[in-house]
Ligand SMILES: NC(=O)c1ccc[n+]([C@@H]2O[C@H](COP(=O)([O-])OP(=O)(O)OC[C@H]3O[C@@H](n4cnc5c(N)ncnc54)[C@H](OP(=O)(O)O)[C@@H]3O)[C@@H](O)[C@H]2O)c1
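Just the one chain here, laid out as structure tokens, in the form predicted on its own.
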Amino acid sequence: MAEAERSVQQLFDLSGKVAIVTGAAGWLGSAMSRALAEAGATMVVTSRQADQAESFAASLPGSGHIGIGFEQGDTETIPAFVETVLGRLGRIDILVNNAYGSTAPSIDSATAEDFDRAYHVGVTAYFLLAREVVNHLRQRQAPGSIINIGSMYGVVASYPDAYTGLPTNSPPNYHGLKGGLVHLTRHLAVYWAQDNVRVNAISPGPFPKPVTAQTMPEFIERLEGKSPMGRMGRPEELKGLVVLLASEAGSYINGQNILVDGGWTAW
């Protein structure tokens, strides 16, 4: 007998699920965290500063959320971090690998250390944390969702003329790591599918922070000229997708890199 078709509300409902979002208090991480909380998930939100993580957790809708100080680049702390989450909440169902912190050198000034740091935080740490969560899901024999936050710059190059003459650049180490992360996502997806764990990436396009618009309006104008929609993205425009990929509504989406870029990569 065929299973009854579930409603949209049931498919998107994350009640009873525990979701980790790293770098949760940031510009995009905060919107994605609110989205998962609004869908019913109990949130574990991290920041390098524990007090910032705790304050942000307290601001989320719902109850039971926790904030933890966590530096993802300190990879030796990852097993203990996961154990802390399990000790406090008993389970993990969803991981959003969002935290990032590295240098932003130009092509002319980038060093080996710049690349090493970027890859370590944005690829190696993402993998190690995801694997730790998957090991827990295997033990529970439970389905799960891993969502890596990539970038359109992991798929296409930037336009040099968008940056010319301005105090900003498009760092080569960032492009390299995001391209690597997109492919790592595909690789993990096919290996972990047998464990009923889906692995996908969200690659945002231009979502500049308000301070960038205030201090470099010319830069924003240049970027808007490159976008088919003629405007920058708003953080809330990532909310629907992160809930889709985290929930049963996205239960057959696996190994994908979904671009949210206003059509930038369609040119």
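Throughout, we count residues from 1 along the sequence that is shown. Quick caveat, the model's predicted, so the values are computed rather than measured.
Same protein, other form: the form predicted together with this ligand, not shown, and the subject of what follows.
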Name the residue from Glu132, Asp114, Glu71, Asp195 that puts a heavy atom within 4.5 Å of this ligand in the predicted complex.
Glu71
Identify, from the list Val85, Val121, Ile94, Leu188, the residue with a heavy atom within 4.5 Å of this ligand in the predicted complex.
Val121
Contact label in the predicted complex: Ser151 to this ligand, heavy atom within 4.5 Å:
yes
Is there any non-hydrogen atom of Gln52 lying within 4.5 Å of this ligand in the predicted complex?
yes
4.5 angstroms heavy atom contact with this ligand in the predicted complex for Ala99
yes
Tell me, yes or no, whether Phe81 is in contact with this ligand in the predicted complex, where a contact means a heavy atom of each within 4.5 Å.
no
Checking a candidate spot here: are Arg48, Tyr126 and Pro204 all in contact with this ligand in the predicted complex (at least one heavy atom each within 4.5 Å)?
yes
Candidate stretches 37-45, 213-221, 24-32, 57-65, one within 4.5 Å of this ligand in the predicted complex by heavy atom:
24-32
Residues within stretch 168-201 having a non-hydrogen atom within 4.5 Å of this ligand in the predicted complex:
Tyr174, Lys178
